[in-house]
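The chain below stands alone and is given as C-alpha cells, in the form predicted on its own.
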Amino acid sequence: MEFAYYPGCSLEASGRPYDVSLRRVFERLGIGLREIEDWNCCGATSYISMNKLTAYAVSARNLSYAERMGLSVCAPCSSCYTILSKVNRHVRWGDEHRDQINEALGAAGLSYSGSLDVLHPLDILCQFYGIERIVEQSARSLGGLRIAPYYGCQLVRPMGRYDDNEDPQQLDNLFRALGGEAVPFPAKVRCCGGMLMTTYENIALKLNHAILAAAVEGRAEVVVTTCPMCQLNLEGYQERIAAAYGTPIEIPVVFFTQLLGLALGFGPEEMLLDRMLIDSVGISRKLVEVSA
C-alpha cells in the first residue's frame, strides 16, 4: 500500500509534528508514502475566492505530478484535502471543466485526467488499512484516556463521502479500539475560524472558546485533531481565550497521529509532543504508567 504524499505548506512549519508523526506511524504500519516532487501550495481558500480557474490549475499541478507517479494522493491538511478533492471532482464532472484546467496546465507541459483518489490519512488508516490491523500492532493501551475527537468543519464536508458529515465516527472508533474513551463532544465538526484569527480575532476567539469549552465540559484530557490550522488555533490561543472569557483553559491539543504513535509504541519525543505549546508529554507519561 503506497500513496503520493502531499504534505502542504503548514506541515513544513507550524504543523511539523503532524508531518513527523504521520510519516513515522505510516512507516511503522508498512504504508508507503512518496512525497510528490516539486509540489506547490494548494491555494487553500484564498485563490478560489479570486479566480477559480487559476486556483484549480494551481492545485491540479500537484495532481498531475501524482498521476505520473501512478499513486492516489494522501493529503493530511484538511484544507489541502478539501481543495485537492474539489479540483479532482471538477476534472471528473465533465469535458468543459477538464478542458479548461488542462488548457492552463498545458502551458507547463502538464495535464491531468482525474484518475486518482484524494484521501485523508485518517480515511487511509481506518478504511483502507483497517482499525483491527492497527490494534494488532499497538504496543500500549490508551488506558481510558479521555479524548475529545475534533474533526473540524472541512474534513467531512460538503460531500459526506468520507464519514457522516454531522456526526463523524472514525476518530472515535479508532481511539476507542486502542483503549481510549471518546467523550461526548457536540463541537466535533464546528469551525475554528481558520484564518479569521488574523483578521477578526474576536470572532475566532468565540468560535474556539465554544470548541474548547465543550471539551472541558466533557472532561476531556486531550483534544485530538486532523488539521494544522485547527490545531494552531485551539492550542496557540488558549491564553487569549481565557482572558477574553474569564475562564481558565489549559488542555493539550495534539494531532491524531501523535496519539496513535504513542499507542504504537513511540516515545513522546519521537512524536514531537515535547514541541507542543501546551504540555502534552504528561499524556504519554500516564500511558506508560498504565501499561506498567
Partner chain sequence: MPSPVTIVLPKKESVLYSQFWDQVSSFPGGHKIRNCIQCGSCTGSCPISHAMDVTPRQIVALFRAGFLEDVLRSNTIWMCASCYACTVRCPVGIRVTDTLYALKRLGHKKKILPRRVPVSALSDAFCTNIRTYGRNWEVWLGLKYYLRAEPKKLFSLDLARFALRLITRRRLALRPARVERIGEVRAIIDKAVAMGGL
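Numbering follows the first chain given and starts at 1. All values derive from a computational prediction rather than experimental measurement.
The next section is about a form of this same protein that is not shown, the form predicted together with its partner chain.
Name the stretch: of 206 to 214, 174 to 182, 115 to 123, 140 to 148, exactly one has residues whose heavy atoms fall within 4.5 Å of its partner chain in the predicted bound form. Correct option: 206 to 214.
Which residue among 69, 33, 44, 29 has a heavy atom within 4.5 angstroms of its partner chain in the predicted bound form? That would be 44.
Thinking of 21, 169 and 263 as one candidate spot, does its partner chain come within 4.5 Å of a heavy atom in every one of them in the predicted bound form? Result no, not one residue of the spot touches its partner chain.
Taking heavy atoms only, is residue 247 within 4.5 angstroms of its partner chain in the predicted bound form? Taking the distances in the predicted bound form, the answer for residue 247 is no, it never comes within 4.5 Å of its partner chain.
Could you tell me if residue 277 has a non-hydrogen atom within 4.5 Å of its partner chain in the predicted bound form? Looking in the predicted bound form, residue contacts with its partner chain include residue 277, since a heavy atom lies within 4.5 Å.
Taking heavy atoms and a 4.5 Å cut-off, does residue 10 contact its partner chain in the predicted bound form? Yes, contact at 4.5 Å.
How about residue 128 - does it come within 4.5 Å of its partner chain in the predicted bound form, if we only consider non-hydrogen atoms? Although its partner chain is absent here, residue 128 would stay clear of it in the predicted bound form, with no heavy atoms inside 4.5 Å.
Within 221 to 245, which residues come within 4.5 Å of its partner chain in the predicted bound form, counting heavy atoms only? Stretch hits, in order: 231, 232, 235, 236, 237, 239, 240.
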